[in-house]
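Here we start with a single chain on its own, the form predicted alone, put down as C-alpha cells.
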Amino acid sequence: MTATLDRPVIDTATVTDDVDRHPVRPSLQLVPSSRREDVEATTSLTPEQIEELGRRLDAIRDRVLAERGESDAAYIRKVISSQRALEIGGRALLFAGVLPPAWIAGTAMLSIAKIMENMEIGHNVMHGQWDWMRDPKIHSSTWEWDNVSLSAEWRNSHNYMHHTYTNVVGKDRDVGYGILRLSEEQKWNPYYLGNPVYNFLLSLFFQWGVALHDLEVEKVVQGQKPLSRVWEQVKSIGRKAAKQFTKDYVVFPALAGPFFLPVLAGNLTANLVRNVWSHAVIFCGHFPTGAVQFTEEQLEGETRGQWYVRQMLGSANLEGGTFFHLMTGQLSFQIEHHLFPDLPSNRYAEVAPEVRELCREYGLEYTTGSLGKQYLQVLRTINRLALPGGKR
C-alpha cells in the first residue's frame, strides 16, 4: 500500500492539499473535568505520561496515513455506488407507492440511502478523510450533502469548532445546540423546563437544528457577530432549503403523476427517519454517562497529549455489527473519530482495539455501550437538567 493512489484522477488545480484543510490543534490545557471520578483518573497521570500517550496515538495515526491506498478508495467508492443504487431503487418503488408493500420497501430503501449519504459519506467526506485520493468528486471542497445545512458552514461549526473544543461548555456549540441545557455548567432558567420538548422537536427536525445552529444567534445578541453576517447566512440556508424542498416535495412527487401523495409521504418519512437516527447517534457520542465535559478555563496551555486525552474522555462509542457501524457513519467509533477525524472512516474499527488498550493501560475511561442504553442515559440527562440544579 502507498499513501496515495498510483493514478490520481484529479485536476490538482481544483482542490487544495488536505493538510491545509484540517484545523490546527491549538495548545490547550487539560485540567479537572466536571466528573470527579474522571478528574482523578486524568490527573493521576503525570505530564510525561500524557505526552507519551500522545506520541503513541500519533504513531497510530501516522501508520494508518502511510497505509492508505487502493483498498480504502475502493471502500468509499463502493459505499457511494451502493447508496446511489438504494436511492434510485427506493424512489422507483415509491412511484408504485399506491401499493403498500412498494411504499414500505421504497421508503425503507430511501431512508437507508439518506442515512448513508448523511453519515458515512457526507460527514466523512467533508471532514477531508478522502481528500488524499485527489478525486474532485469525493473531496471536502466540492461535496454538498443532501441536507439543508450548508457544507461550508458545517465545516466551520463542526469540523473546526466542535472537533477543536469538544465538550467544552461555552466553546463547543454542539453542547445543547443553543437550545438545550446539557451541562450543569449552564445556568438554569425557566426556559429549560421545556428541555424534553425541545429535544423531541430537535430530533424530528435535526437537519434544521444543525443549519440554524450555524447562525450563532446568541453572538448577535451579545454584539459579537454583525447582523449582516447572519442575514447572508439566512439567505444561503434559504436557497439550499428551497432546493431540498423542491427536490423531495415537488419534483419527485410530480414525476409520479397520480401517485403524488404516496411519493410525497415516502420522502417526508425518509427525511424524518434520517433526522431522528442522526440525532440519536450524535447525542450518544458525547452526552451519555461517562462522557466528560470541560470548562473554557481548562483549555489554557493544553498540549497535544492533553488534547488527545480530552477527546478520549469527551466522547463515547456505540456497540454493534458491521451494518450498524456503516449506518452510524462509523461514529459508533466516536472516540477514534475524535482522536483522528481525518483518517478514513473504514479504519476506525481497525484502530479501536489499540485505543481501548491504551485507555486501559493509562487508566482512562473508554466509554462504550449499546445505542438503546446510552440513548436512555442521554434522555435522563436532558430531563434532569430541565430542573434547577439538575445533575448529569
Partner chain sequence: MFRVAPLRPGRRLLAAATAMTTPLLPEDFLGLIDPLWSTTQLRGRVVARRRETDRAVSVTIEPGRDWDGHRAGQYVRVGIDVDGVRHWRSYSLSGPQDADHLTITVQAVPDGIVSQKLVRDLPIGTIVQLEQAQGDFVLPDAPSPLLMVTAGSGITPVMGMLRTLDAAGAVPDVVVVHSAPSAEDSIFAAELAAMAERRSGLRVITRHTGEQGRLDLAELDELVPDWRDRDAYVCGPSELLDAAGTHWAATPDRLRVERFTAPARSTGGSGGRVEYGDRAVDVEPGTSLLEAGEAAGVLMPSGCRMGICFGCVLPLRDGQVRDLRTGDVHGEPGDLVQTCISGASGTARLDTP
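Note that this is a predicted model, so its numbers are computed, not measured. Positions refer to the first chain, counted from 1.
Below, we turn to the form predicted in complex with the partner chain, even though it does not appear here.
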If you check in the predicted bound form, is Glu365 within 4.5 Å of the partner chain, heavy atoms only? no
Can Ser141 be called a contact residue for the partner chain in the predicted bound form at 4.5 Å between heavy atoms? yes
Classify Met133 as contacting or not contacting the partner chain in the predicted bound form by the rule of any non-hydrogen atom within 4.5 angstroms, answering yes or no. yes
Answer with yes or no whether Gln244 is in contact with the partner chain in the predicted bound form, where contact means some heavy atom within 4.5 Å. yes
Heavy atom within 4.5 Å of the partner chain in the predicted bound form: which of Val234, Leu201, Leu272, Leu255? Leu255
Out of Ile112, Ala73, Met119, Leu215, which one falls within 4.5 Å of the partner chain in the predicted bound form, going by heavy atoms? Ala73
Would you check whether the partner chain, in the predicted bound form, lies within 4.5 angstroms of a non-hydrogen atom from each of Lys219, Phe333 and Ser370? no
In contact with the partner chain in the predicted bound form (heavy atoms, 4.5 Å), from 190 to 198, 281 to 289, 143 to 151, 175 to 183, is stretch 143 to 151
Hey, which residues along 187 to 206 are within 4.5 angstroms of the partner chain in the predicted bound form, non-hydrogen atoms only? none
